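A single chain, nothing else alongside it, follows as structure tokens in the form predicted on its own.
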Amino acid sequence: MSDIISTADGTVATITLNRQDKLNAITPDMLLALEEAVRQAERTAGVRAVVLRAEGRAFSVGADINVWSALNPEAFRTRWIDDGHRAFDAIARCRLPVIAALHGHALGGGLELALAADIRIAEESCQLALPEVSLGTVPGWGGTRRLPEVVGKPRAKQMILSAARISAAQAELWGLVNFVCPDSQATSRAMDLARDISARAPLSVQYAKKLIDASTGEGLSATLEMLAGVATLTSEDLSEGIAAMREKRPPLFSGA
């Protein structure tokens, strides 16, 4: 079976990490599949929210060390860093709300993947960390940006510089996860929340997500351009401008 499984059930799409024998360690092919799964969810009619989850004993233990350590510098940059940022940015900028259901371990790239989601739910026994400095490297898929945005710089530095794991309870206290649930319930809780969100006005939900992200600088210019474009789409000036172009004459704009 595929290492990334994408399904849709009514208003909720589910993206599942399914490399269970490797604790969902992430490979370059999985990065490409994650990006495509997000795009597919956005294209699927009727889908209003996305749940990001995993099969097996862990959400994800991060990047597959055996794969990335064997790459030459150019392949590391293109197939690892660039593709990883593009995939995780696609999740973060998805027009649909994305809810991550965490269990077991969310480590390194696995935690960075969860950080790209809008909302995180963790099971009681889940442990979270960015342990890269203990391996002699640094977080490579947005962790040094997204973690401080979520928990603040001092706590982000504590996690990243010490490489220490924190419990789900500590993560909730710091705001790293929205709430903690009993083991084996993260997916069901995430689905319930996704359905609750899906019951709200979809355009309002999507615009609200964009505005919240823009308030912290995430996609600010794209959001402003989108809102301005929508505002002018039904204007008389746009109709006049298009008509003038087709008729090969100067436009007579009214300001309406």
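Numbering starts at 1 and runs along the sequence shown. What you see is a predicted model; the values in this text were computed from it and never measured.
From this point on, the text means the form predicted together with a small molecule, which you will not see here.
Are Ala122, Gln185 and Asp192 jointly within 4.5 Å of the small molecule in the predicted bound form, each by at least one heavy atom?
-> Negative, none of the three is within 4.5 Å.
Is Ile81 close to the small molecule in the predicted bound form, meaning a heavy atom pair under 4.5 Å apart or at it?
-> Contact check for Ile81: no, nothing within 4.5 Å of the small molecule in the predicted bound form.
Would Asp64 count as touching the small molecule in the predicted bound form under a 4.5 Å heavy atom rule?
-> Taking the distances in the predicted bound form, the answer for Asp64 is yes, it comes within 4.5 Å of the small molecule.
Any non-hydrogen atom of Pro131 within 4.5 angstroms of the small molecule in the predicted bound form = Heavy-atom contact with the small molecule at 4.5 Å: present for Pro131.
Should Ala25 be classed as touching the small molecule in the predicted bound form when contacts are defined as heavy atoms within 4.5 Å?
-> Yes.
Considering the small molecule in the predicted bound form, find the one stretch among 56 to 64, 219 to 227, 36 to 44, 201 to 209 with heavy atoms no farther than 4.5 Å from it.
-> In the other structure, the partner sits against 56 to 64.
Candidate from Cys181, Ile91, Leu176, Leu107 lying within 4.5 Å of the small molecule in the predicted bound form - any heavy atom | Checked against the cut-off, the match is Leu107.
Sort through Ala169, Ala164, Leu135, Ala75 and report the residue having a heavy atom within 4.5 Å of the small molecule in the predicted bound form.
-> The residue in contact is Leu135.
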